[in-house]
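Take a look at this single chain in structure tokens; it is the form predicted on its own.
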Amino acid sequence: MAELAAVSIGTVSNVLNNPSIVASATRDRVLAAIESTGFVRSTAAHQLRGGRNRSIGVVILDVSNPFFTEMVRGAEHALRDDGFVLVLCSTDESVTRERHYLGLLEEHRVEGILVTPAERDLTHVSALASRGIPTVLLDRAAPGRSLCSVTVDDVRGGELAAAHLLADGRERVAFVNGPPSIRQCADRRRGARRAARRLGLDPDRAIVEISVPALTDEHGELAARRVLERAGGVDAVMCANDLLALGMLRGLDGLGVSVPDAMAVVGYDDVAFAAMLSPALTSVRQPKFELGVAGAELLLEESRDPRHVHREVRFEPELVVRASSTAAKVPKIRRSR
């Protein structure tokens, strides 16, 4: 094959294992030679020789959630030119399932792992890194920069959503939230309560939390009746993600509640379908694709640089106002340092 492409055996090896370091014209010539001979590399044999394969494990909370789908697309975009393939695992927010998948990925000797943890305790995730497997947290910060991570300021995002509703004259906001063990849910709750305080309101009065066991549209729809049953005149709903908000819109419609006239609704993530709903959904936008790209780049950096220092890449959320809530101007809230 090397003779056919008029290159050295080492160049062929680089095309197969480190394509980014080979000039594009040379790489194309080698790949053409490979295709013409029908050669198929044995990944198992390569793994035995080199210790790892060209696989990256990606462990996320819910593959059916478009937020995670778009984040994985970003990671794939950043990794594909280096010849990596993604092994995707969905935990459905289960700690047991997460630990099972992490164990399997380690057994398969993946090159690295991108993970959105299902619990606050990162002991089992950190253990992977201590055993030499580059590990990056997606949408979750690591305490003390013990791991690389890419995050969004979810406290700020929760604050934006609640401030938008309360500043528009809504008196009581129902916050439909997921399990408190999920860091994003806890942070968005903190942000909502902070918005109430900064507007001079009692957060215990202005924000009514309604917890659901999972961040799905089914649970959002079931929560609609609970929102209406709450005493004290709830007139707005803030959902911890857009899937919950989708279910909430469906549930309110089935109960004859007009949105936004009788009940304003705000979601979180701004996934693709948010603008397609009727009414179009106001949502807190996260840079989903960019999160995946940044996580993959940190993983490549860690796997290649023995002097790598763990760091966090942090993004800011943005409120996108649509028809499901009135288009009030979001108040200027002083951010604490």
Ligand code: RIB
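Note that the structure is a prediction, hence the values are computed from the model and not measured. One rule holds for the numbers: they count along the sequence shown, beginning at 1.
There is also a form predicted in complex with this ligand; it is not shown, and the following applies to it.
Visitor: In the predicted bound form, which of 81-89, 183-191, 164-172, 256-264 comes within 4.5 Å of this ligand (heavy atoms)?
Guide: Checking each option against the 4.5 Å cut-off leaves 183-191.
Visitor: Go through Leu137, Val110, Leu215, Ala206 and name the one with a heavy atom inside 4.5 Å of this ligand in the predicted bound form.
Guide: Selected option: Leu215.
Visitor: Heavy atoms within 4.5 Å of this ligand in the predicted bound form: does Leu61 have any?
Guide: Answer yes; at least one heavy atom of Leu61 falls within 4.5 Å of this ligand in the predicted bound form.
Visitor: Can any non-hydrogen atom of Thr282 be found within 4.5 angstroms of this ligand in the predicted bound form?
Guide: No, Thr282 is distant from the partner.
Visitor: Would Ser149 show up as a contact with this ligand in the predicted bound form if we use heavy atoms at 4.5 Å?
Guide: So Ser149 does not count as contacting this ligand.
Visitor: Can you tell me whether Asn65 touches this ligand? I mean in the predicted bound form, with a 4.5 angstroms heavy atom cut-off.
Guide: Judged by the heavy-atom cut-off of 4.5 Å, Asn65 is in contact with this ligand in the predicted bound form.
Visitor: Even though the chain is shown alone, can you say which residues of 286-307 have a heavy atom within 4.5 Å of this ligand in the predicted bound form?
Guide: Only a single residue, Gln286, comes within 4.5 Å of the partner.
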